[in-house]
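Below sits a lone chain in structure tokens, taken as the form predicted on its own.
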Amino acid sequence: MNAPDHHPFVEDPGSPLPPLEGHVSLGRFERVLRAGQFAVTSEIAPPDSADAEEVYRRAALFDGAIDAINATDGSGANCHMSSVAVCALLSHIGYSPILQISCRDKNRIAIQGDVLGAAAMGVCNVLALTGDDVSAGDHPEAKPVFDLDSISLLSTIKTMRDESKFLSGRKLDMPPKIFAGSSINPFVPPVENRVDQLKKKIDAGAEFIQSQYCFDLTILKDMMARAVDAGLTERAFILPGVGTLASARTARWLRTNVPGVYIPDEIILRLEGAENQKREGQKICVELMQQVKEIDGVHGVHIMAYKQEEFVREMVAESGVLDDREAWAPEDTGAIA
């Protein structure tokens, strides 16, 4: 059977975005960034289900507000629908998904196969992660793999894409057109070393970076200033992470139990003093988005709103970070303007 003239999975690139020449992928997310627009991403946790409609329902919460959607890969070492499957479903109906790959669960053979398979289904973006330890999740008896880490995974994707070969040296008939990224946590001590780690990931092939929660903008601004001075923001697109906190209790739990999450006391005190703590957490997230956008070298923002995904559109609209631009959404969804 002959292939169709228009690949059914390739994202509708939209307009007015630059032509594809010189881009590493066919994806809308990359094109938004290379057009110099402030990009907004968020994420969905894949369902504990085999129901594709549940994936579509979760994605629809972001319509008109988000340029790309991360599909987490066994986040917290807990089992869910696979990130590859979620991304394939989203790509098929026109969303711009970001495939998260955790090196915890698969060796290089399986990972390279997933990269090819995802690219064949129209997935244009990959976020390389080392992964949480299995002891943190619901299958602590599982055997961790860690054949690769985030840096060697980035190098692997770059080799497959740019040199058209597997790590073994065997040639690929068609390389994957993938926009590769990774993560950074500005708050892991010693914080002075974060720019060195950022450089290692960019040297390995990261073209975009999403960060852990950023509630302390002083530390973030310092990291970004040093990244700008080192020329790193000219080599990769940086999207700091922001989040909405449901309560002061939630904030304290995150600060105590999630490694690398730093929430200043003033944020917790502000939540404690609010009549409606959930709404106050959303206001804080809106303010953080606005302030992050003003930091030199920042190209976008990544919103983490676990169990508050239904408020993301409202927060993006309230923040005004998209200016007069509307992110992609399927037709007739009532997306925000």
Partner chain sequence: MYSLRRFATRHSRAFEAFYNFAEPVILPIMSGLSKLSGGRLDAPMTWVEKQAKGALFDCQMCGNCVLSSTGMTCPMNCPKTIRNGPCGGVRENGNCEVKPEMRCVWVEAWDGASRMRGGDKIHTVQFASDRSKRGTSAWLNILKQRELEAAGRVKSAPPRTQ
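All values reported here derive from a predicted model rather than from experimental measurement. Residue numbers count along the first chain shown, from 1.
Missing here is the form predicted in complex with the partner chain; even so, the following discussion is about that form.
Trainee: So which stretch, 241-249, 119-127, 79-87, 141-149, is the one near the partner chain in the predicted bound form (non-hydrogen atoms, 4.5 Å)?
Mentor: Of the stretches listed, the one contacting the partner is 141-149.
Trainee: Contact check in the predicted bound form: Glu266, Ala274 and Lys293 versus the partner chain, with a cutoff of 4.5 Å between any heavy atoms. Do all three pass?
Mentor: Heavy-atom distance to the partner chain in the predicted bound form: none of the three under 4.5 Å.
Trainee: Answer with yes or no whether Ser164 is in contact with the partner chain in the predicted bound form, where contact means some heavy atom within 4.5 Å.
Mentor: No, Ser164 sits far enough from the partner chain in the predicted bound form that none of its heavy atoms falls within 4.5 Å.
Trainee: Any of the heavy atoms of Asp229 lying within 4.5 Å of the partner chain in the predicted bound form?
Mentor: Flag for Asp229 set to no.
Trainee: Would Leu217 count as touching the partner chain in the predicted bound form under a 4.5 Å heavy atom rule?
Mentor: Flag for Leu217 set to no.
Trainee: Does any heavy atom of Lys106 come within 4.5 Å of a heavy atom of the partner chain in the predicted bound form?
Mentor: Answer no; every heavy atom of Lys106 is more than 4.5 Å from the partner chain in the predicted bound form.
Trainee: Scan Gln210, Ser91, Ser75, Thr156 and let me know which has any heavy atom within 4.5 Å of the partner chain in the predicted bound form.
Mentor: Contact residue from the list: Thr156.
Trainee: Scan Ala225, Leu172, Val188, Ala110 and let me know which has any heavy atom within 4.5 Å of the partner chain in the predicted bound form.
Mentor: It is Val188 that has a heavy atom within 4.5 Å of the partner.
Trainee: From first to last in sequence, which residues of 180-204 have any non-hydrogen atom within 4.5 angstroms of the partner chain in the predicted bound form?
Mentor: Read in sequence order, the residues that approach the partner chain (within 4.5 Å, in the predicted bound form) are Asn185, Val188, Pro189, Pro190, Asn193, Arg194, Asp196, Gln197, Lys200, Asp203, Ala204.
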